[in-house]
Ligand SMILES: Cc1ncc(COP(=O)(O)O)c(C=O)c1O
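Shown next as structure tokens: one chain only, the form predicted on its own.
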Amino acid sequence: MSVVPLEAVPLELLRERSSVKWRRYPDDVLPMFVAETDYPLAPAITAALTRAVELGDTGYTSPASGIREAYSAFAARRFGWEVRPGAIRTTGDVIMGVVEILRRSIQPGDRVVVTPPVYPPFYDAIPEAGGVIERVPLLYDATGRYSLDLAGIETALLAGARAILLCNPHNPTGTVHSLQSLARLAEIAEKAGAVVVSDEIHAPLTQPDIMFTPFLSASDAAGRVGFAVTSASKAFNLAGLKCALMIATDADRLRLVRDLPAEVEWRTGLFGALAGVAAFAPESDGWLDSLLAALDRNRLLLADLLAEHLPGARYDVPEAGYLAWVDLTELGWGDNPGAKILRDARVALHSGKAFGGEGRGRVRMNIGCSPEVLTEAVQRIGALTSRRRTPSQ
């Protein structure tokens, strides 16, 4: 049975929201930069938060919030991954978890591998944890697919890098790393005595025809070298509520997570935990399936819109998420085409340069919106190319 795509909230109501997506720019700008979506909350989340407000349930977050058990069941249903609730601890958000794990896994000055183009906060998290960034860019092949440069990562680790900060699925490309690639990464890391910290916040947004592999499940070695950090915040639009999960399945790695200061767990937001329990519950599966159907519709629509209005653009349909990585270099709009697009088309996109040098001439576009908003955005951008033509053309 086909799934009905989730419908976005009307634009006039979205503009009443107070989050950064709707407050950074004037109302004549279509905001498609930050990773917030335009859909209504899953009903179970709305009910849980409403009841908490009615009860005045706004105190400190209990370690017995139920989020560990909820995620354990969710991972089994959605990914086929059996992870014990006891392997999980919470904190405020994914980058907090990344920093705290890295800080205790490396020594000051150790190099940490990142795979650009990659989520910009990675470049801040590593120095905050005392590390030094080691760049090993993704490979890009003739079929339009990105993949880990495993040989390059191995070279970096054998030369002394002590950790890999993995993005799985990858932001901004939407790549879902294969089981074989992740297993090989684990083997390389174990051989070099390095650890892997896997940011898996986009995992619930993997399209149904693609297999997502949690890094810790890729092989026995992956469990021995790895940590995972994840959250309901991207899929269920809960970033402001502050709840993330730190996971380790190996006894030694789990000991490190359990030995983190109590304050790391106290940063967990109560509303984030309550909303996360509702998000990961079975009654929210239908909502998530409808969201994925809406994103599938938009990722394919974007390809058609670009072909019609921006034929010089290059775009590879993502396997996960609601973030489109679009190459505009052929349009001649410079290293940061997003600046021109914001100024002249009044569409706010995320500058590709923020993701690393590989992002020059590129933009990241949030397609977690209505088809109408997506269409208008691309039409506005496409109009910039027509303005360059003379009447004789």
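We number the residues from 1 along the sequence you see. Small disclaimer: the values here were computed from a predicted structure and weren't measured.
There is another form of this protein, the form predicted in complex with the ligand, and it is not shown here; the text below is about that form.
Participant: Test of understanding: in the predicted complex, would I95 fall inside 4.5 Å of the ligand by heavy atoms?
Facilitator: It does: once the ligand is placed as it appears in the predicted complex, I95 has a heavy atom within 4.5 Å of it.
Participant: Hey, in the predicted complex, is E100 touching the ligand, heavy atoms inside 4.5 Å?
Facilitator: No - in the predicted complex, heavy atoms of E100 and the ligand never come within 4.5 Å of each other.
Participant: Do T213 and the ligand come within 4.5 Å of each other in the predicted complex, heavy atoms counted?
Facilitator: Close contact is absent here: in the predicted complex, T213 is far from the ligand, nothing within 4.5 Å, heavy atoms only.
Participant: Taking any heavy atom pair closer than or equal to 4.5 Å as contact, tell me whether A35 reaches the ligand in the predicted complex.
Facilitator: A35 belongs to the contact set for the ligand.
Participant: For this chain shown on its own, do T173, N298 and W325 all sit within 4.5 Å of the ligand in the predicted complex, going by heavy atoms?
Facilitator: Result no, not one residue of the spot touches the ligand.
Participant: If contact means a heavy atom within 4.5 Å, which one of 86 to 94, 68 to 76, 269 to 277, 188 to 196 is the stretch that engages the ligand in the predicted complex?
Facilitator: That would be stretch 86 to 94.
Participant: Check each of R253, R162, K234, R184 and return the one that places a heavy atom within 4.5 angstroms of the ligand in the predicted complex.
Facilitator: By the 4.5 Å criterion, the partner-contacting residue is K234.
Participant: Using heavy atoms only and a 4.5 Å cut-off, determine which of A294, L148, I201, V113 is in contact with the ligand in the predicted complex.
Facilitator: By the 4.5 Å heavy-atom cutoff, the listed residue in contact is I201.
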